[in-house]
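The chain below stands alone and is given as structure tokens, in the form predicted alone.
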Amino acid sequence: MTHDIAHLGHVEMLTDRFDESLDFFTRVYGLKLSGQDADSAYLRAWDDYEYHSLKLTRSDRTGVGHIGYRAASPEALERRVAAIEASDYKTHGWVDGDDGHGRAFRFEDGFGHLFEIYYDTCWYDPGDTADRPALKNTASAYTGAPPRRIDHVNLLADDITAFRTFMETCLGSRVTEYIQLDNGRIGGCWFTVNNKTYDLACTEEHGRGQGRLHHVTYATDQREDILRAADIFLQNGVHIETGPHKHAIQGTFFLYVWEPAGNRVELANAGARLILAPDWKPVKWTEPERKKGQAWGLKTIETFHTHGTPPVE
């Protein structure tokens, strides 16, 4: 683990139903709109310090546009770029950034997912508006029971071992938990670049897709926030796919829904769980253990293993 990467910064989500998706994320899901241009809306949770943690972009398809990580310093950014350029992974080079951050270096895993690393960022400033927090150590006002911060993104790939090498090589990530299948393959890996339990997960692609998204997750303060969100989703006709239940892997209390364009999004509460041990040994889950399902709650619904975006024809 290199500590060159500070944290997951943002995810760009593509939608072919932009207006409906934007209404969902702001009015129903509870994110805040920082700004908008002709193609994208820049959204954040109430305690995300950056200008945006979700970039919602008009498209003719769904899925993920890119995943952005913030480097720990300008020097760390250059070290990571040098490591990526020395590898065999496809690079797109430097881009100017967007409304939320400065220049960024873009590159791909071997499965069609586009990543970028940046350092210069725009801190959110609520000014003297109603969004100004009562406590100066929070990023903006707290209203209702919305998510507090971006938590993680889950991608799909058909070779998790190869994806693990990519994460270790390019981002300096370490694995905290993983699934070992009976046939010898790795069925899923959970990665972190800091002391969070994970900021990115990659699980096996079962739909023969390429570069697909499984879900994007925001964290809540309390499990009760997720229970309230379930009622809000019900009231607004949102498709609740599964939950609220508790995952065995990573131990999070969760709720999965589909936003109007079909992208899966999650609300999760991990409690106070952090990975503080510098010599943490990844937790292995066997296939029989994984097939038991969740820690508690109903059996995992079949679409959870097959649905990803964009859909496979």
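The structure displayed is predicted, hence computed values, not measured ones. Start at 1 with the first residue shown and count on from there.
There is also a form predicted in complex with another copy of the chain; it is not shown, and the following applies to it.
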Even though the partner isn't displayed, in the predicted bound form is R58 close enough to another copy of the chain, meaning a heavy atom within 4.5 Å? no
Using a 4.5 Å heavy atom cut-off, state whether G271 contacts another copy of the chain in the predicted bound form. yes
Though only this chain appears here, would A38 touch another copy of the chain in the predicted bound form if you measure heavy atom gaps against 4.5 Å? no
A130 versus another copy of the chain, in the predicted bound form: is there a non-hydrogen atom within 4.5 Å? yes
Interface residue in the predicted bound form among D159, D221, E168, D125, criterion: non-hydrogen atom within 4.5 angstroms of another copy of the chain: D221
Which residue among K90, R228, R103, H206 has a heavy atom within 4.5 angstroms of another copy of the chain in the predicted bound form? R228
Based on heavy atom distances of 4.5 Å or less, which listed stretch (208 to 216, 183 to 191, 71 to 79, 107 to 115) is in contact with another copy of the chain in the predicted bound form? 71 to 79
Residues from 287 to 305 in contact with another copy of the chain (non-hydrogen atom within 4.5 Å) in the predicted bound form: E289, A295, W296, L298
